[in-house]
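As structure tokens, one chain now follows by itself in the form predicted on its own.
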């Protein structure tokens, strides 16, 4: 009798949802349904896969297993794929990070539209009908929450607005990505056959030819996406897809110039470091000025010395002595994790390989580069052997035929092909070459 009473009570609760979004009649859009959801989902399936792969590559580019480079505490199990980041092609990191950031921004309207298309499922009543449904809803929570978290933290990083974050962007974004991709893979595995059936249920060409007046709801579906009592259409599916596409295109125009360069740099309104600073040899972008980094002319003036540490006693050189050494040139850009990059600049200075020999470590496995800057996690960086030995890897003293400006790292900075911009350390004070 008790079991029967409990069962009856449960059925009463299940049949009496609270008012508002928990009732199916609340959702009345005539264009919401499996087909529109599947179209948006297929775009995200491709886009998020690219974002994840380029994100993993970006993490590898930081050489997180080297001294001073580890931006997250998780280079063990989650760092199983790490590899020696190459220096060829020299534009590799610029391309990788440009794709990662620009695509992430462009997908924001698609993500929002996808969440809108499935929002009735977030208010299913009763919330839990079975253990299987409970597992599905938890995975959905991780999927939606993870997507919002990853996109939000990425945008915060692009805008250099770290105050809302409870910790390091690198750790939060890295671990969040793994949680999200796990839920994403489970979700795709469960829903992929359903998505394929939905895509085949209607013709994209026909939908793109159908205006608002001719728009009709999809047939009622067992999953509850189609409105039980649809309202008259105020927008066609063609209009909805066009609106999403226009939003993505607008964001592309307002972002991509920071990576692509050319005339689009002027339209990179969402890229704080994407636009050109001014004219002249040093008139290109910087991540942080000397003033913002707390670097003063006194630290980089006549008393400045470059200290080389290696096999024997440390040796030191002033700037004139470095200029008297054989000078080499390289045409290289600066590319940063936030997605912005410069065009190729003509750098000149002393090769890192030559400095390794002066330090008594011509076959050094890595080098620790330290800046006069203090109080920043990015004041130091480590490079691998392949980066040291590349003939284009320089301790740059001049750029575009002129001395470096203080903002660009005077008296000396590192420039290495395909390396993240933050590892091209400015205001270099010490280089320690280390054996394997």
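Numbering follows the first chain given and starts at 1. Just so it is clear, the structure is predicted and the values come from calculations on it, not from any experiment.
Beyond the structure shown, there is the form predicted together with protoporphyrin IX containing FE, which is absent from this document and is the topic of what follows.
Mapping the unseen interface onto this chain, residue 177 counts among the residues with a heavy atom inside 4.5 Å of protoporphyrin IX containing FE in the predicted bound form. For the chain shown alone, residue 31 is not a contact residue for protoporphyrin IX containing FE in the predicted bound form, no non-hydrogen atom being within 4.5 angstroms. Residue 256 falls outside the set of residues with a heavy atom inside 4.5 Å of protoporphyrin IX containing FE in the predicted bound form. In the predicted bound form, protoporphyrin IX containing FE sits beyond 4.5 Å of every heavy atom of residue 125. Heavy atoms of no residue among 43, 114 and 144 are located within 4.5 Å of protoporphyrin IX containing FE in the predicted bound form.
The candidate stretches are 192-200, 334-342, 131-139, 241-249, and the one lying within 4.5 Å of protoporphyrin IX containing FE in the predicted bound form by heavy atoms is 334-342. Shown without its partner, this chain lists 268, 350, 158, 364 as candidates; in the predicted bound form, only 158 has a non-hydrogen atom within 4.5 angstroms of protoporphyrin IX containing FE. Taking a 4.5 Å heavy atom cutoff to protoporphyrin IX containing FE in the predicted bound form, the contacting residues in 91-123 are 97, 100, 101, 104, 105.
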